[in-house]
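Single chain ahead, by itself, as structure tokens, in the form predicted alone.
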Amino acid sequence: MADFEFSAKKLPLKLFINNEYVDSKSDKKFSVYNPKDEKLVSDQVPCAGERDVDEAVAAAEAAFPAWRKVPAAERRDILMKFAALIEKHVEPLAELTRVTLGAPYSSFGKFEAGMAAEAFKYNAGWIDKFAGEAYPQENGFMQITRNEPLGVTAGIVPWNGPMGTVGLKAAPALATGNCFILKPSEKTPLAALALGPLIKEAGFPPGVFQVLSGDGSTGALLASHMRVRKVSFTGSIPTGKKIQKMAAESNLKRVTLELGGKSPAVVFDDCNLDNAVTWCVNALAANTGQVCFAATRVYVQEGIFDKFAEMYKAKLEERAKTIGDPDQQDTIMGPLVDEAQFKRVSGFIERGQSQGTILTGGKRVGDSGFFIEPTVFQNVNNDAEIYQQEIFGPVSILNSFKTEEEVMKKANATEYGLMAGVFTQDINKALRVASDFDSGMVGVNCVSMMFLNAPFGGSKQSGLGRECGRHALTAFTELKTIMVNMTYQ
């Protein structure tokens, strides 16, 4: 097969259905722009309509009976080959993301594409190990459980991690014998659309792994489709609620929702101060703050508050010096994804000036592109908008506290519960606080991170279900119980 040929100069602008690139049956197109200079990248990205979705679902249904019976070793090898192909083409895939997301290759692009490859390798390793159970037969019946694939599944992935989240959703779905339809964000669709040649070369049969670009209307078609059995969605709370409603009102399809956060970092007097500051800075600046589990509420105990604030401010201002053209090797922080996100974040900063005091940042960087300084507000009340709402940019609040009891009430005082962090050298305190957080994930002397082998997801309105680890496989399977009468003659 010909080598991978897509790049920023040759864009993938067709749907990938049944192992072929095809023109959309819908005339609707959408545009994508480069956030570093606001220039048009393409106005010809296809928006899959109802007939396109139906065609992809039909191809997946046709492929499913054979795919679910592919021997474990063969399916494992296909996923492993696909991972190797992603690794081989990390640079062009990262470039296709960068031209519409603005994520620098050195600090995010390479990591994100590599994470997708690692997710396929990790899940490939589970294929012959995801066993059911057998129960004692003292009552005369042997009971056996099987983990069976659901059928046609779909993943609606966000714009802030368009390749990494492909790995989190497609890999466990395919590993467990499902067929999978990928719907990338309309803001960052190009790397996903470019996967077609790699899907074919890896050996996925036609209809098993397909890619439909589109906007919210395409996602709604998948979420409400009567023959799609599972949707995994990452994005905003309002959209997640709509997807859950459409899933329930159609065929009661399974749903996994990862819906963002407003993650607290609690820093006690007895912490390693350098470590705490470094983690909190990296947690805010990574991907220009466009990360669901970014530590955007930082609480520091009074005894070290002034010193922490001084160091936090200095390190963020140093990081601000690395803001620039994401195509340059020395750039660490790029722009926000687009004009809408820039206006959203700028609006929060403008309104926030009446809700707290700016410690650092708050300004646009340059005259073109969507660049903005890391921004920190101090002395923000619990009911303030910038305290309660996910901003999805490099904006945090920094408040002080006196007691553990006080800070836990503050840390849990939002509707989000994705990630939290505690910084202390007292292990008893660390575990006590970790238990008290209303959060799906907690870091001790770290924050805003994840692992492919451990559950990823949140509590409260941060989501429903878990990704990563064995839990991701469970989310893409149906548990079947088989009862065998051992007394039958």
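When you see a residue number, it is the position in the sequence shown, counting from 1. Just so we're clear, the structure is a prediction, and the values are computed from it rather than from any experiment.
Not on display, but discussed next: the form predicted in complex with a small molecule.
*Asks:* In the predicted bound form, does S185 come within 4.5 Å of the small molecule, counting heavy atoms only?
*Replies:* Contact check for S185: yes, within 4.5 Å of the small molecule in the predicted bound form.
*Asks:* Closest heavy atom of K110 to the small molecule in the predicted bound form, within 4.5 Å or not?
*Replies:* So K110 does not count as contacting the small molecule.
*Asks:* Please check if S236 has a heavy atom lying within 4.5 Å of any heavy atom of the small molecule in the predicted bound form.
*Replies:* Because a heavy atom of S236 falls inside 4.5 Å of the small molecule in the predicted bound form, the answer is yes.
*Asks:* Do F268 and the small molecule come within 4.5 Å of each other in the predicted bound form, heavy atoms counted?
*Replies:* F268: no, not in contact with the small molecule in the predicted bound form.
*Asks:* Quick check for you: of 350-358, 236-244, 139-147, 91-99, which stretch puts a non-hydrogen atom within 4.5 Å of the small molecule in the predicted bound form?
*Replies:* One stretch meets the cut-off, namely 236-244.
*Asks:* With the partner left out here, if you bring back the small molecule in the predicted bound form, are V157, G216 and C292 all within 4.5 Å of it by some heavy atom?
*Replies:* All of them do, each having a heavy atom within 4.5 Å of the partner.
*Asks:* Of G164, G196, G393, G260, which one comes within 4.5 Å of the small molecule in the predicted bound form, counting heavy atoms only?
*Replies:* By the 4.5 Å heavy-atom cutoff, the listed residue in contact is G260.
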